[in-house]
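Just the one chain here, the form predicted on its own, laid out as structure tokens.
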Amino acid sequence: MKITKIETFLLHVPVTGSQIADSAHRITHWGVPGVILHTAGGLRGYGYTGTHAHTALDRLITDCIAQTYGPLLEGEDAQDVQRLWRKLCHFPPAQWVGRSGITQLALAAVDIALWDLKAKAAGLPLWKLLGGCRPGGIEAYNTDGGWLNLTTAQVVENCRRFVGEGYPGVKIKVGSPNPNDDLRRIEAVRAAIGPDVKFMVDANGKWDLPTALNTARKFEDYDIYWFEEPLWYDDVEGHAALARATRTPVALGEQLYSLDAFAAFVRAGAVHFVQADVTRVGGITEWWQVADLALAHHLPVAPHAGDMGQVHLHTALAHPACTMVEFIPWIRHCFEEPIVVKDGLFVPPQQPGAGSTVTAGALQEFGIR
């Protein structure tokens, strides 16, 4: 398991339709900056992160992997995942320029590749290596139909179709310039899907506290399962105030990069659903620490799918704090074992590894050079 070569890659994969939008972003492709770790024994470990497909920024991630973390990995034993994570995470030059953002996304990709290698060497899917506790699968909720650039009629039809396909939960985007437009859309979706389906909304950090307070109180009429990222991502006190003022639970975490960041929100009572993203918090190693934190505070984990579910499915099947996983299918066809949802449950993967092995066809078709 000696690491002999570090190879980076970059994919830009089209999203559903020609583009999608939420309150803060409008994108046409999902970026997949990643790494392949080669070993002396011939095994390859694949890891990646997720971006909005901005080539120059994506190349900063792959350059960080190749030029900063790569030399630290050469010749190392890939089995020593925890030690290598600490070595990279606490590398002084990288710490100095960033403990979040590009350096952390690069670390996440490397850590996923190391865990992929460890599971492949054991001949096990990662969820089994981690002591999986849900061999029958885990609940899926579908996000890929509630985008803010779609008409209300389109969103209603998409959500109705998802429920018909067996999804027990759906999520739509909010954060329109006029919150009343969001409320009308929410009313229409709830009427279409009925009272028994979990129904989540996501503002992507759009609103200030007064707007979120006013709107969240109105959400209570529609039994919203959670209100995701209502405020600016780092506003601990604002989220805590909102959590105290409404019966609608608060969910957040996709824009948090560390265990310490999550701990601040948990201590303040500012979050009810912890949405740690394996591609942002430094990979599987730190994601597991965040999930343990949530478990210790009796909070459920519902990962944000920056990896589009390929890796999170393994960690969610293994960690007892996880309750459900987000389904967005944009990049599933790029992997040797794509994630599968059947009757509203993710089907447990069976191939050895972390589910992160990219096909040669995807590298050729979507690769950016």
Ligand code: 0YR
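Counting begins at 1, following the sequence as shown. Small disclaimer: the values here were computed from a predicted structure and weren't measured.
Just so it is clear, the following notes concern the form predicted in complex with this ligand, a form of the same protein that is not shown.
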*Just one of Phe327, Phe335, Tyr69, Trp30 has a heavy atom within 4.5 Å of this ligand in the predicted bound form. Which one?*
Trp30
*Tell me, out of Glu286, Asp182, Asp144, Glu254, which residue has a non-hydrogen atom within 4.5 angstroms of this ligand in the predicted bound form.*
Glu254
*For the chain shown here without its partner, which stretch in 165-173, 151-159, 92-100, 182-190 has non-hydrogen atoms within 4.5 angstroms of this ligand in the predicted bound form?*
165-173
_Check Gln104 for me: does it contact this ligand in the predicted bound form (non-hydrogen atoms, 4.5 angstroms)?_
no
*Could you tell me if Asn204 has a non-hydrogen atom within 4.5 Å of this ligand in the predicted bound form?*
yes
*Heavy atom of His304 within 4.5 Å of this ligand in the predicted bound form*: yes
*At the 4.5 Å heavy atom threshold, is Leu11 in contact with this ligand in the predicted bound form?*
no
*Any residue of 76-104 that, in the predicted bound form, places a heavy atom within 4.5 Å of this ligand*: none
